[in-house]
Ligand code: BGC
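The chain below stands alone, shown as structure tokens; this is the form predicted on its own.
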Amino acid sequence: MSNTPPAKKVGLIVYFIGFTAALAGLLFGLDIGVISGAQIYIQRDLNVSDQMIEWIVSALLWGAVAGALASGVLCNKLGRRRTIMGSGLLFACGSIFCAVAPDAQMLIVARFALGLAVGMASFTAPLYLAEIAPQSVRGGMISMYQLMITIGILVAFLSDTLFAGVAEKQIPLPEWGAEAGHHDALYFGSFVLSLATGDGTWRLMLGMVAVPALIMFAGVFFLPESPRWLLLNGLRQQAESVFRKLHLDDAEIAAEVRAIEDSVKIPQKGWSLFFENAAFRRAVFLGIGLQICQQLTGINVIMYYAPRIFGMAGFESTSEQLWGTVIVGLTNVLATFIAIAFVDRLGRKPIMYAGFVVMGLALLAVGGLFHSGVEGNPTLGYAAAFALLLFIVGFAMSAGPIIWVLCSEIYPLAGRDFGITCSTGTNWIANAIVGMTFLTLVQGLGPGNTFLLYGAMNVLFIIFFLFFVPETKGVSLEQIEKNLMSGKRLREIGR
């Protein structure tokens, strides 16, 4: 007969906290996905070049670099809850600013401000969830945040497609304004509908993110602060009160408080550790390399420019291009469940090898099909679209979630905050470089050679993983740290 105690039922407050904080992931995904469909109308309305579109796309990503790097200081000074609240307010203001931007230059400024919110959310929300969630549901809550990002991208693709459908039908609208005798409500409603037609389409696409941002901002008012942050600041009674709200009993509260107090006794000394300890430097450089691998797979080439790519593949109408983008987003969501199901069963590296093979072959196939001349050949066009979806499956089941898992495991406790800040910043920098170079590469090399280049990179990443990346499945963080600091080779620190 088993002596294992039955799993304790988790209260609704825990799920409310998890869902509200995970809305940051939804906003993150919305802002990544919405520009994909909007750029068609931005370019048409503002009459800008492909290079200016690259700057509009990447401005958010450079803002995210700054936001992520500043988040460590903000989290420590203001607390996790208030930092998330600030990111929600900045999300809303930035979205509205994007919707009313009069020209491309102001749109770039607005997108940079929005990027600050994205960077803050990408750093703070997973940290908050990890610190406040009971151990029995901690992994699920953090996974929900990652899943919400993919759902946000899908919702953005869907909303872009629906707004574009309204715009293409050019629905006739009545005159609006006081001179037309409309009441205030009709005046406002008619104005909003007028934005959904013609040149205002992209403004609604970008501005609609303000709605869930305000919902998250309001919801965070009701969330408790992270008990770890409260204990770090000497607020033990408030921390214990938070644990009681989570329905922990006295013994569980005492154990949680003791574990946190033990962990905070180890001071964070990232910079000094980086310069003094070669083993830690190797871990930091590994984290940086992992994030570069993730971005240079080519995923955000497709996420930011999917309608363009479908256009290159012979899908001429805006409707076809945008519905193709929706299918990309849906595939991304569904394939993420593959990683969630198997990452702790099969291990990190086997899934990554499979992902790199799928991604590499898919992009090499896309490049070859473009060289064969997909325009005017529907069969080749559909084959290229299928290969793109296969690439999305390969990424979502591997590099999407697993790179983040590895980066959370390879750093020693005393330098973990520093290491995660470095890897997160690298992710956004590489992301921005990809976003602002794709159209230039297509113009210079042609679409076929551009996809062949990204496909070849996935082959190189297999070699990188083979020689440098450890398998960490089933190994404690303490054992990984012990192996690293004892001088073992990077690929052996998971043994």
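Each residue number is its position in the shown sequence, starting from 1. Predicted, not measured: the structure shown is a model, and the values here were computed from it.
The form predicted in complex with beta-D-glucopyranose (BGC) exists for this protein as well; it is not shown, and the discussion that follows is about that form.
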* To do: Have a look at 205 to 213, 379 to 387, 146 to 154, 220 to 228 and name the one stretch with heavy atoms inside 4.5 Å of beta-D-glucopyranose (BGC) in the model of the complex.
  => 146 to 154
* Answer option from Asn458, Thr450, Asn431, Gln39, heavy atom within 4.5 Å of beta-D-glucopyranose (BGC) in the model of the complex -> Asn431
* Could you check which residue among Ile32, Ala59, Val469, Val65 gets a heavy atom within 4.5 Å of beta-D-glucopyranose (BGC) in the model of the complex? => Ile32
* Asked: Taking heavy atoms only, is Gln321 within 4.5 angstroms of beta-D-glucopyranose (BGC) in the model of the complex?
  -> no
* Could you tell me if Trp404 has a non-hydrogen atom within 4.5 Å of beta-D-glucopyranose (BGC) in the model of the complex? -> yes
* Within a 4.5 Å heavy atom cut-off, is Ile132 in contact with beta-D-glucopyranose (BGC) in the model of the complex? -> no
* Would you please decide whether Gly400 lies within 4.5 angstroms of beta-D-glucopyranose (BGC) in the model of the complex, comparing each non-hydrogen atom pair? => yes
* Asked: For this chain shown on its own, do Gln43, Phe163 and Thr201 all sit within 4.5 Å of beta-D-glucopyranose (BGC) in the model of the complex, going by heavy atoms?
  -> no
* Members of 279 to 317 lying within 4.5 angstroms of beta-D-glucopyranose (BGC), judged by heavy atom, in the model of the complex -> Gln294, Gln295, Ile299, Asn300, Met303
